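Below sits a lone chain in structure tokens, taken as the form predicted on its own.
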């Protein structure tokens, strides 16, 4: 069987980072089995549709480096790949269900439905559709439809049946049809609901495996019934647990920090770190398949694809640990080839920061070697480089914290200046030993701690008490710039 998976987002806003988990599982399963990964736009909920968010979906895939085999942009043999372009298809299949007596037309107004629910609740019952039009004469219903009367199409759910769904993640799940409603398949505006469209699209697009959130578990029996009524085989399905807020309370939400994938890019996270972090929120490969490395945490997407098996997916709800994501990002920055890191930083800068100094810096790799061990994000990298381009115009740190320095500060600065002036103009002729020996001698002269003397120079040059290696930074800045900043 050909493995065909899909990601079917609704263009209703930003790309939630939790959605990336379904993307990665779907992509990995397809690619491991030489299959196809499809992106289908599910835009039938016109009330929630947000203009421009289709572009966000595809831009997010591009930024993550995830290739799409079929979509509205990539073509394919099973389009259209946007649901609003498939309305005639849904109408045809909805009519087929009505003809086979697996669905029916219903004509209640919104007011009538509201009154029905209110009456049921007043009597202490769970509100559900009362099936008024379930056995309505089919020919009479057709006449009313042809006359232009507003209607919906409802699924005729059989009574007293057990529906069994085999889930790739959750295992076997059983449902009673007595707990189900006659779900709407086609709304009064002519658009299909999720329950109808997803079944038709997945069948016609030959989707073999589906990953979706656990919030959709309750609709699984409806999906299976609809496949049964059409006489089609249902794809294998896996319900992915929700990613929780860091405190474990509720689904990951914006109240607890960034959740849009675009925000993480803007904050300077690398795609490799994001992918690595997300896959480990719900995937635990066996030790044998990662060559006995119990504590291994770093996986490339290629390794993930190679190792991926649905049996390794977890049932429990993971917490979104932002500190762990930051750790992953720092590890990737630290271990990146410096030239590649420079390219990534410049690409990020051109998209978000637009710092002309970074853009035009031909020697940025030398500077990155000094700061990449200390930085957790591309944004922090850019901030760490700032002192190379611009002298600090405001010293945030209080020099008075250093004992035996404030009373001799001007004299000490003069001595440091003499030391720097004694070096040749070519900074390459400065030696670390000569420079450090001179600085220590100044400290001895003023009976100050050596570290305090170095701090005076560090703060004057960078504006901060913590900085990249000082001597190497001085060499990059050059004698003239160092003297200027000391002044």
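Numbering follows the first chain given and starts at 1. This structure is a prediction, so every number in the text was calculated from the model and none was measured.
Just so you know, the form predicted together with glutamic acid exists too; it's not on screen, but the next bit is about it.
The closest heavy atom approach of residue 463 to glutamic acid in the predicted complex falls outside 4.5 Å. Mapping the unseen interface onto this chain, residue 265 falls outside it, with no heavy atom inside 4.5 Å of glutamic acid in the predicted complex. In the predicted complex, at least one heavy atom of residue 212 sits within 4.5 Å of a heavy atom of glutamic acid.
Among residues of the shown chain, residue 8 is one whose heavy atoms approach glutamic acid to within 4.5 Å in the predicted complex. Note that among 358-366, 325-333, 192-200, 112-120, the stretch whose heavy atoms approach glutamic acid to within 4.5 Å in the predicted complex is 192-200.
Exactly one listed residue, out of 175, 216, 107, 183, brings a non-hydrogen atom to within 4.5 Å of glutamic acid in the predicted complex: 216. In terms of contact with glutamic acid in the predicted complex, the residue from 42, 70, 452, 54 that brings a heavy atom within 4.5 Å is 42.
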